[in-house]
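Single chain ahead, by itself, as structure tokens, in the form predicted on its own.
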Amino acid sequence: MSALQHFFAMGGYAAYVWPAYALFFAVLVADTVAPRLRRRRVLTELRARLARQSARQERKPPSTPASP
């Protein structure tokens, strides 16, 4: 068995070690991507809210002060 094959076999524990590495990297990628997606969603919601608020203010007629 070559040194590279021996490394990938992990001394007979490859069935446990390689899935652990795969799970670790999947979590690492998820921890990197999730905040970016959340930020994008929040910014989109804020832009929509600001647009609705701006449209509401433009439609609303100016209020006149009440006379005593």
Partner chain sequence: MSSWIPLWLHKLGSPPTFYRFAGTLQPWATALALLLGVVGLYGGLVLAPADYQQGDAYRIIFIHVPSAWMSMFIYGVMGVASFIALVWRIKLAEVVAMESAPIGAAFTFITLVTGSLWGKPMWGTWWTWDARLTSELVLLFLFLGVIGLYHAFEDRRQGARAAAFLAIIGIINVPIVHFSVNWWNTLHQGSTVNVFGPSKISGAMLWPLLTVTLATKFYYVASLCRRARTDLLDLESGKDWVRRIAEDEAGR
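Residue numbers count along the first chain shown, from 1. The model shown is predicted, which means the values in this text are computed figures rather than measured ones.
Not on display, but discussed next: the form predicted together with its partner chain.
Chemist: Is Met10 one of the residues lying within 4.5 Å of its partner chain in the model of the complex, judged by heavy atom distances?
Modeler: Close contact exists here: in the model of the complex, Met10 approaches its partner chain to within 4.5 Å, heavy atoms only.
Chemist: My question is simply whether Arg47 lines the interface with its partner chain in the model of the complex - judged by any non-hydrogen atom within 4.5 Å.
Modeler: Arg47: yes, in contact with its partner chain in the model of the complex.
Chemist: How about Ala55 - does it come within 4.5 Å of its partner chain in the model of the complex, if we only consider non-hydrogen atoms?
Modeler: Looking in the model of the complex, residue contacts with its partner chain do not include Ala55, since no heavy atom lies within 4.5 Å.
Chemist: Going through 24 to 49 from first to last, which residues have a non-hydrogen atom within 4.5 Å of its partner chain in the model of the complex?
Modeler: Residues within 4.5 Å: Phe24, Phe25, Val27, Leu28, Asp31, Thr32, Ala34, Pro35, Arg36, Arg38, Arg39, Val42, Leu43, Leu46, Arg47, Arg49.
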